[in-house]
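The chain below stands alone and is given as structure tokens, in the form predicted alone.
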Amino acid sequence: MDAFNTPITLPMSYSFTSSGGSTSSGTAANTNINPWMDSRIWSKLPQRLIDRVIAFLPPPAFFQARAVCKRWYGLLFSSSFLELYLQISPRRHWFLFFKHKSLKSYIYRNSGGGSDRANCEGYLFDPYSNSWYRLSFSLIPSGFSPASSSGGLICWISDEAGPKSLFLCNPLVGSLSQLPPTLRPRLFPSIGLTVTPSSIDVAVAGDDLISPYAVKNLTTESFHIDGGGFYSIWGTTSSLPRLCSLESGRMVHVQGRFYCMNYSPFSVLAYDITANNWWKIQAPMRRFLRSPSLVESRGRLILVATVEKSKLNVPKSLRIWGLQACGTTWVEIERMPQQLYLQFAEVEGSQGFDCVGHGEFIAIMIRGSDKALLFNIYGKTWQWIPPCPFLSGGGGSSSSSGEGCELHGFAYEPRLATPVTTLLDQLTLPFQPFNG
């Protein structure tokens, strides 16, 4: 079953669209290159060498190459090839987007009893080639929403208030692994996920249901399992800082710590996984920030926000800060060019925006629309992300009712194998399965 759903017009071509359209070279300049390889050379290449070449292919090209022969088709199930793939395949800093309603309408929609399956598919974006691909999440039961991502896995959490059920899904291979349900009842908590080749850590924080009609940010539950045989099934809890006000959302993982935004006033909450404790970090220019977002970039915590000094003669701007190694001070990294910011502000219309970072890229998604900007930290370049061709009624404009579609993005590194999920199958402690 192919994981990628995209029209293909040229052999071994996996690009769907190009940036902006006018600068595209969709009809690739292959006119002077003979696409056929001399069979006398090809047939004498050792299979091990061929496997190494295939392991370097981007996932869309790999899934197309599987149609060449039975052996290539079976590589996805070959333990020796997957072991080689995990060793040498380059990391790809891609993004995965989902479309669904805004949070306010989403909270109350369950009373309607509809069968909203807006999250059953995702839209994979390759920032290197400005290409879009569609991924199916048909195995995810209804009543779940994407919450976090790490190591090629997407974490899905149950929407219903109460103890939370979570799934880890690899959409490329269609794998689905369930975690034990959390112990404390919650509404819409913040989720942190970090996956390494030998461990899984999950943190669920805030939105404690202190009564059927009230929530409060009180506690954090942590899940850990590793290849050394140690696991903690929501047995580690910690208290959030007093008077914290974190909106429902995901956390950012940077070097053994989870970070999330605190509101009124703005600050950054940090959680040390090993020490199991929280603390606050003061945000830069906190009295003048709007729509602050935390992202991770190359092992560094980044803060993205607009600055609006209404009482001072300073132009409004979008700025990017990086947290210094000391863990308490910030340094400004970049500022959006003023001409671009004026264009961005006109499109955004004070609706706010959310950000997600991966590698050298930061995607800035405008709320209430499917429009987004892409910033390359190292190249210092800004560009509008080309519209996703799989979104119905493209253009990204909000509806008059204020319930326009939003793109919610996650950093996603596509992987053909995530063997760490087999650790979940080895849990000897039984738990109640989710009954959708």
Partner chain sequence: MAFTKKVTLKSSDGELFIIDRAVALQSRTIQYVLEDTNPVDAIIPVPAVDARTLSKVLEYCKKHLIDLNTDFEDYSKWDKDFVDAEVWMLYDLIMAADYLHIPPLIDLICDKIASMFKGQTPDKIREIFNIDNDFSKEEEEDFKKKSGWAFK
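Not measured: the values here are computed from a predicted model. Rigid core here is just the name for the largest C-alpha set that superposes within 1.5 Å across the two forms. Positions refer to the first chain, counted from 1.
Only in words, not in the display: the form predicted in complex with the partner chain, which the text now covers.
Worksheet item: How about residue 410: is it within 4.5 Å of the partner chain in the predicted bound form, going by heavy atoms?
Response: No, residue 410 is distant from the partner.
So in the predicted bound form, does residue 210 come within 4.5 Å of the partner chain, heavy atom to heavy atom? Contact with the partner chain, no.
* Asked: Does residue 132 reach the partner chain in the predicted bound form if we count a contact as any heavy atom within 4.5 Å?
  -> Residue 132: yes, in contact with the partner chain in the predicted bound form.
- prompt: Using heavy atoms and a 4.5 Å limit, would one call residue 139 a contact residue for the partner chain in the predicted bound form?
  reply: No, residue 139 sits far enough from the partner chain in the predicted bound form that none of its heavy atoms falls within 4.5 Å.
Since exactly one of 172, 295, 365, 225 fits, which has a heavy atom within 4.5 Å of the partner chain in the predicted bound form?
By the 4.5 Å heavy-atom cutoff, the listed residue in contact is 172.
Contact assignment for the partner chain in the predicted bound form, among 73, 263, 230, 279, heavy atom within 4.5 Å: Of the candidates 73, 263, 230, 279, 73 is the one lying within 4.5 Å of the partner chain in the predicted bound form.
### Message
Heavy atom within 4.5 Å of the partner chain in the predicted bound form: which residues of 331-354 meet that condition, in order?
### Response
Residues within 4.5 Å: none.
Open item on the list: Rigid core superposed, CA of residue 44 - does it shift 2 Å or more between the shown form and the other one?
Closed with: Yes: residue 44 shifts by at least 2 Å between the shown form and the other one.
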